[in-house]
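Below you will find one chain, with nothing else, as structure tokens; this is the form predicted alone, and questions on how it binds or moves follow later.
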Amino acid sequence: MVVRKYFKIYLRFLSRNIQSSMEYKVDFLLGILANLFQSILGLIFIWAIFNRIPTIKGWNFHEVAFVYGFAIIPSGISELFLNNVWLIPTVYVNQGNLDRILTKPLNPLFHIIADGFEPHGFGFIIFGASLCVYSTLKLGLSFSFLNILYFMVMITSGTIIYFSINLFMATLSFWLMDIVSSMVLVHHLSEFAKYPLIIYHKAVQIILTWVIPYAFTSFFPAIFLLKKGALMLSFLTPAVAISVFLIAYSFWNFGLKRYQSSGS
């Protein structure tokens, strides 16, 4: 009953946000094109490398392209539906808008998420999905029901990981005045997840796996579909997503209890 209530509320927020976004059609299209262009530039960079070097540590162009596309999709979904978490430090905490939300009979975090919609994320989703399909066909991978189900579960889990890391960093704004630059810095680490983890130094691999687990958003799920080993870690992504979310949400609630209005 509660889930249905929140779902209906979310749909109302979403409908309003979509209508608002479509009022600026040029901005809507330019945002999508900008994200597409950014993703294409990254792919061109990969192509330029493999145009001279056939394989890198056992990975060919289409395998790396598959990981690249896989990484972009959860990032795009997070930007599309969950991007409002980036406004917590500035709009909600520093400007005092969180006070208004705390007076509403809704979960504050749900209200913040539902109040935001970033259509530019479509660009990442479209390109990532297209690249995965293209690479799958080139590599002759199976489109079985189980593989498609695995793909969807991992994309969902990857989205949760992106959101949870952003939420954890945004929660620091309850104590720190300027946390946005640190959020951006941590988010940029996700760029490493667009390429095979084995090409990096061991220290980087550890950080991206066990400290800031972006590797579980793309690399580990992808190697299962590509049949390139480490299958145990490939199936850990949902568990990592749940764990990271619980940590981030607990930290959010801890910070919320210590929140003091900007006007106090």
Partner chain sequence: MVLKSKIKKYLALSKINIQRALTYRISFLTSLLAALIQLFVMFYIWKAAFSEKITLAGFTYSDMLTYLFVSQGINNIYGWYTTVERNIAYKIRTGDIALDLVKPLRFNFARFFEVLGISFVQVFFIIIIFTVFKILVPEFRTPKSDLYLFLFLVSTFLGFLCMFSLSFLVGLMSFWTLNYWGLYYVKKSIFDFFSGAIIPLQFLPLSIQKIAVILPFKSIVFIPTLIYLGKFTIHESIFQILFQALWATALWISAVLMFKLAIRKVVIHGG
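Positions refer to the first chain, counted from 1. Just so it is clear, the model here is predicted, and its values are computed rather than measured.
The following text describes the form predicted together with its partner chain, which does not appear among the structures shown.
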Interface membership of residue 238, its partner chain in the model of the complex, 4.5 Å heavy atom rule: no
Residue 232 near its partner chain in the model of the complex, any heavy atom under 4.5 Å? no
Evaluate residue 60 for contact with its partner chain in the model of the complex, applying a 4.5 angstroms cut-off between non-hydrogen atoms, and reply yes or no. no
Look up in the model of the complex whether residue 185 has a non-hydrogen atom within 4.5 angstroms of its partner chain, and give yes or no. yes
Can you tell me which of 190 to 198, 88 to 96, 102 to 110, 144 to 152 lies within 4.5 Å of its partner chain in the model of the complex, counting heavy atoms only? 190 to 198
Single option in 212, 65, 226, 56 placed near its partner chain in the model of the complex, where near means a heavy atom within 4.5 Å: 56
